[in-house]
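Next up: just one chain, as structure tokens, the form predicted on its own.
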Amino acid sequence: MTAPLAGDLSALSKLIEATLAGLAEGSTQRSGPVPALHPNALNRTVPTQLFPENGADPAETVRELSSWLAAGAADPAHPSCAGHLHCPPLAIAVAADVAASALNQSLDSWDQAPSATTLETHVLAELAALVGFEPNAAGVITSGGTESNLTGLLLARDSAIATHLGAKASSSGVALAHGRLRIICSEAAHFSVQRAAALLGLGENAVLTVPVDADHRMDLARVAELLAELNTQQLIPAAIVATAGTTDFGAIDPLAELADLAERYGSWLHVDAAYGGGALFSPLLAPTLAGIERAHSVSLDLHKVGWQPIAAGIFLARDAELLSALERTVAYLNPIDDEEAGYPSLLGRSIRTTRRADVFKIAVTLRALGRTGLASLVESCHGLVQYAATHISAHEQLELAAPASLASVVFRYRGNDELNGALRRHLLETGAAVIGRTAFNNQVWLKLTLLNPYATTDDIDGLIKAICTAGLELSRARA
């Protein structure tokens, strides 16, 4: 079977048309945000002969498999899909992503991605200015918050070893630090902090977690005490990781105060704003991130509060010189004489080599919506979650854990942990709704994360009603 290349635009157009037909067909087979199937049942629907001896018609293949994928997908655009930081992508961003896929640029060298290399530099400059960084800031598009956090902590580790031990970690390794490096973060920080410490050779035990206060923010007094203790023990606080938007409560750590402490003790301040960074688009919410401009590095995720197709992560450093630990010169990618002749390379900005032009969909979105357009989407989601929290608080069957923040609210059905866990699975198995689950005060709690800016208060009322109906039915069945 002949398979056309993407450069054959006529063939590509027909295949995209077949794909859209399959998506439309599959979507009609699912009445809710997820298929009303247990995982074992969904497994039995996988099309047979996925890798046959002889290929099939390309248009029919992409239509059939797109239909199957859509029928069994979680639809983040459905108002009752509210379980995770999983946004419905904007149509314009998806369309732009098609162009990026078709052109298949690779941003590890200029000659593989001339326009995309140029565009990424300009887009990152715009976003760095939004954070409040100076014009000499720099960064890279990443696969998401995990990669961005790993990058930030890699730079923090290398900076600490260079400053305190006068060595270059990339060549000498971390053994010469004799286990003295520490990373401080909140107990509510993303698990990728521990994962990064393990990958960087520091070990997860190098991560010291600090309790949170009543507002779920890092306990500032405890951070100060811990830094003083490390100083007394001659241990090195290589990094403080502040969270701007915790996964469950959307809490924002005291950024300005943490910046003061980082300066006092010579620590790298990395702000994980993968969730809360979206507040920067809103004049109403941006003040909650005051102090972020003083960080050494920042993680953003526009495939959360940015409505981009995955992946659209961003890593920013306040000064391009802070990225020096990532610099690499490879003869077949970015020879020195090419760079001296004016051919720039982004190879030394990323821990990856091959990178697709994810910047293009971001650039198209920023230009098409502008600051006011993105602000309206952010504020719409914030308004919806405030509405949901108010109604949950007033409902006799539900219990609110804390006031809503950003776009998420944590609550539970009045009953035991077993009931709340079963309630969430019941909604999944019936295809009625996708809601989140977390642990708080050693109990099972439920969570709504509302990232559909076009959902309505009626949609929220319907979702809360479905939750309460399911809880009541399960309670009666267990009585």
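We number the residues from 1 along the sequence you see. Computed from a prediction, not measured in an experiment: that's the story for all the values here.
Only in words, not in the display: the form predicted in complex with a small molecule, which the text now covers.
The closest heavy atom approach of Val210 to the small molecule in the model of the complex falls outside 4.5 Å.
Not displayed here, the small molecule is approached by His190 to within 4.5 Å at the level of heavy atoms in the model of the complex. Among residues of the shown chain, Glu120 is not one whose heavy atoms approach the small molecule to within 4.5 Å in the model of the complex. Contact check for Leu230: every heavy atom lies farther than 4.5 Å from the small molecule in the model of the complex. Segments offered: 145-153, 254-262, 178-186, 328-336. Contacting the small molecule in the model of the complex at heavy atom distances within 4.5 Å is 145-153.
Of the residues Ser159, Ser109, Gln105, Thr247, just one reaches the small molecule in the model of the complex with a heavy atom at 4.5 Å or closer; this is Thr247.
When you look in the model of the complex, the only residue of Ser405, Ser297, Ser80, Thr243 with a non-hydrogen atom within 4.5 Å of the small molecule is Thr243.
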